[in-house]
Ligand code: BGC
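Let's start with one chain on its own, the form predicted on its own, as structure tokens.
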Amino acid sequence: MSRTKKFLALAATGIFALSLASCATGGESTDGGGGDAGATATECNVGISMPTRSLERWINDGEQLKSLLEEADCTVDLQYADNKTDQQISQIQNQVAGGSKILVVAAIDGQVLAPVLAEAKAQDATVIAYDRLINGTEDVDYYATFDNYKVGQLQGEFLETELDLANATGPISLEPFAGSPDDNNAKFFFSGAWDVLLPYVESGVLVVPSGQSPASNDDWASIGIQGWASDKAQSEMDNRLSSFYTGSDTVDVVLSPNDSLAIGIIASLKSAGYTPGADYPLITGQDADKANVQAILAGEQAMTVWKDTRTLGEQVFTMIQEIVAGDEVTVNDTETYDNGEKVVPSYLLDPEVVVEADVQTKLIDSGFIQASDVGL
């Protein structure tokens, strides 16, 4: 079935579910740990709260989910919060006041939303955390995301293979970066990669000249880049290169947890005179942003971890349909994501590695990006 037909089929199912909501019976989750059996039907009035328009992926995520829901005759309020927590809180309050019975929230700061979600719960709203876990509250009902630990693991394993670390003697110079300290996902990304790479740091095969080498996963935030900002990553890389790479010393590999940081790191390397070729550093990434796909094709970035966010949107759409119908919500993980108040029932999707040879077959042929978007 084509993706377009699948969307239409899902939309049709949603309309049908709405018409039968009053007599819907409980379904089954994939592991028996989903939503409440015998839950009552609810109105398909959805508030979507996305963190920012400054990153390409959040625009795509928000607009796709909004389109799916509107095709299913749902009422939708999509808001972007400009990476300002106060603005996101205010927007969620307005959505609840406006009648939203289901909230889909990609949190800017997963630590500060407990009070506003308590307000939402008092109005009988159901809350789905979208791709970023919301912490410190019992009022988040479900979580939909990719396997975030696996994202980092794929990055670490890629570097392990490309550098043949198991057989290397070193020293190979590494500069690790981590994501925004206020993003719960960032610790999973870093942990997945660091569990692969730290043993090689401890053995001396990998060395970190800047000293920015967390002793354990728990120290990841010490090298976090606030707000996932490209300019901050560029500035940090500038500082490391100017301070610790003098004379003929060069960096061999940079662990970048996502594409926005990779863009800043690449800009820093260019300013320092690095050019693609045999001695150019291996740089990781995540999200398959268009600019980074271009960088991969130009030899400036080694790989990205692709999370087909269309599948995430489809899964959240399915979860909303199940909530609207009063069915049990499908999840496949009831153990991993403890937010400090509860283990949040979750649905995890699988990410995958994209290198230059995969751009056509994985990204373009699937319709995720257009060939013209990346100069092909």
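Heads up: residue numbers just count along the shown sequence, starting at 1. What you see is a predicted model; the values in this text were computed from it and never measured.
Another form, the form predicted in complex with this ligand, is not on view; read the next lines as being about it.
In summary, the region of this chain contacting this ligand in the predicted complex, judged by heavy atoms within 4.5 Å and restricted to 340 to 348, 313 to 321, 326 to 334, 50 to 58, corresponds to 50 to 58. Among residues of the shown chain, Ser173 is not one whose heavy atoms approach this ligand to within 4.5 Å in the predicted complex. Contact between Ser256 and this ligand in the predicted complex is not found at the 4.5 Å heavy atom cutoff. Contact check for Lys150: no non-hydrogen atom falls within 4.5 Å of this ligand in the predicted complex. At the 4.5 Å threshold, heavy atoms of Phe188 stay clear of this ligand in the predicted complex, well away from it. Out of the listed residues Tyr142, Phe177, Trp228, Trp194, Trp228 is the one that sits within 4.5 Å of this ligand in the predicted complex by at least one heavy atom. Contact with this ligand in the predicted complex, defined as a heavy atom within 4.5 Å, holds for exactly one of Lys101, Arg240, Lys121, Arg132, namely Arg132. Shown without its partner, the chain has Gln286, Asp287 in segment 281 to 302 as residues with a non-hydrogen atom within 4.5 angstroms of this ligand in the predicted complex.
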